[in-house]
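Here we start with a single chain on its own, the form predicted alone, put down as structure tokens.
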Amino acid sequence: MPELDAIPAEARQRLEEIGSADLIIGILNTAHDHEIGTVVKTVGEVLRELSQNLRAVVVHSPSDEAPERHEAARENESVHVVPWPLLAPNTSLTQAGSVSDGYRSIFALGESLGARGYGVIASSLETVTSQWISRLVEPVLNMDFDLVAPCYARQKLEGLLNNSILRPLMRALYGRRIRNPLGPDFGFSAKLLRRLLYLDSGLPNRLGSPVLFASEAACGGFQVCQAHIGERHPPQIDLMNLSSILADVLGPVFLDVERNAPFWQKVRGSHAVRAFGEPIASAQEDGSVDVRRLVESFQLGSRNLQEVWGVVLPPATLFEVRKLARLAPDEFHMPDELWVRIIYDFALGHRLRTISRDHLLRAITPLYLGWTASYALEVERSTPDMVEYRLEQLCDAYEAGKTYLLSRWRWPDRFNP
């Protein structure tokens, strides 16, 4: 954790002037000056809604001085603004070191001010409303929750990496039905963030993956909830960089699966966590994907990666994957049970280091594209309720397949269907 002695004198003087704060709002992306002013006004509205004598600090990466920011701060005496020199700009969820440093910096500031709650915003500030911030921080400040995960209003073809792997895997392993374990926007208690940073000090940059938040909260017995906060449209994933994205996201996830094995092997079933607010429908129409291109990428991978897949996947699974590669694009369908076994097999392969971990994680790309093609065909004409039901079916398949993972995890050499 950054020491306060390392903070430049100007910033240290600013902290001394503020004295103390109950709430820290940390902005983990590059924000324009007028957006900082808008956030200050929004936080002021939230504090008034909470009807408490609370003080908040909005912390962001340094930028040029802006009249809007100072005017907003003067109008909201309970909200202070601190350009934080230890908070790196241009932070990305795929830059583990930058994210980790960002959280450490926010926590260092909060510790010095005695904060008891934190709201971290990593999404574009254009979408952030008073409801967004209020629902992330109120359960922490008023209801003793330690982690508030976001529920976004999304189109059916958004958030596919989350819906196909992260959400159902975390649910099956840790027993909590959290829709967006990766966030990226969260509410934290000081108690949980202190625990996370303690772990991170022993395993540097593990905090770079927000997936750690949900798994550690579950393993540590912390109070978890989620909140419907509104729309968030993640940037379109460039298929040329998909392999790197999968490696960056799934690497920390699989490391956590290995580290937490003593806990999740005892978990049976799952339960819902409390949700605040009502689900919000996306206001935009869905886009479309080129299913033929996805299937062709899957087929190309099936031809070129058989040797790699053969090291990770058992013969029966590899046989089913080969059969899929012979299907025409409009007939392509990947059964949930097969997809679940593939993910569990890759988690085990990552643990056993059967091949280079980076190579292994990148080799999952064509399989992920195959799942995406299958899902896109299934939900092409589905309503939002039908889509949610379909995702629940996939989550159930992950839970049902957990016995497969348990058997392979405990006896990797003996269990080879």
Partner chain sequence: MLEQVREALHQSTIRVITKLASLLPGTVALIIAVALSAVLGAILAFLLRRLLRAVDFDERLAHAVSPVWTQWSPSQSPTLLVTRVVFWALILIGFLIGIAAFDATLTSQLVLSIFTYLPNVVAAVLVLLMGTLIARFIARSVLIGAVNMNLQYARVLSLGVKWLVLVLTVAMALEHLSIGGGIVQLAFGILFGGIVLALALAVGLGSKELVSRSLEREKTTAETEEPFRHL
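Positions refer to the first chain, counted from 1. Remember, predicted model here, so these are calculated numbers, not experimental data.
There is another form of the same protein, the form predicted in complex with its partner chain; it is not shown, and what comes next is about it.
Exercise. Within 4.5 Å of its partner chain in the predicted complex, heavy atoms considered, which of Ile245, Cys219, Ala325, Ile280?
Worked result: Selected residue: Ile245.
Exercise. Which residue among Asn162, Ser123, Ser215, Ser189 has a heavy atom within 4.5 angstroms of its partner chain in the predicted complex?
Worked result: It is Asn162 that has a heavy atom within 4.5 Å of the partner.
Exercise. Just to confirm, Arg48 within 4.5 Å of its partner chain in the predicted complex by heavy atoms?
Worked result: Flag for Arg48 set to no.
For this session: Although its partner chain is absent from this view, report whether Arg232 comes within 4.5 Å of it in the predicted complex, heavy atoms only.
Result: Heavy-atom contact with its partner chain at 4.5 Å: present for Arg232.
Exercise. How about Leu294: is it within 4.5 Å of its partner chain in the predicted complex, going by heavy atoms?
Worked result: Yes, Leu294 sits close enough to its partner chain in the predicted complex that at least one of its heavy atoms falls within 4.5 Å.
Exercise. With the partner left out of view, is Ile36 within 4.5 angstroms of its partner chain in the predicted complex by any non-hydrogen atom?
Worked result: Judged by the heavy-atom cut-off of 4.5 Å, Ile36 is well away from its partner chain in the predicted complex.
Exercise. Check Glu158, Leu182 and Arg362: does every one of them have a heavy atom within 4.5 Å of its partner chain in the predicted complex?
Worked result: Yes, the whole candidate spot contacts its partner chain.
Exercise. Just one of 37-45, 53-61, 387-395, 354-362 has heavy atoms within 4.5 Å of its partner chain in the predicted complex; which?
Worked result: Selected stretch: 354-362.
Exercise. Judged by heavy atom distances of 4.5 Å or less, which residues of 370-409 approach its partner chain in the predicted complex?
Worked result: The stretch touches the partner through Thr372, Ala376.
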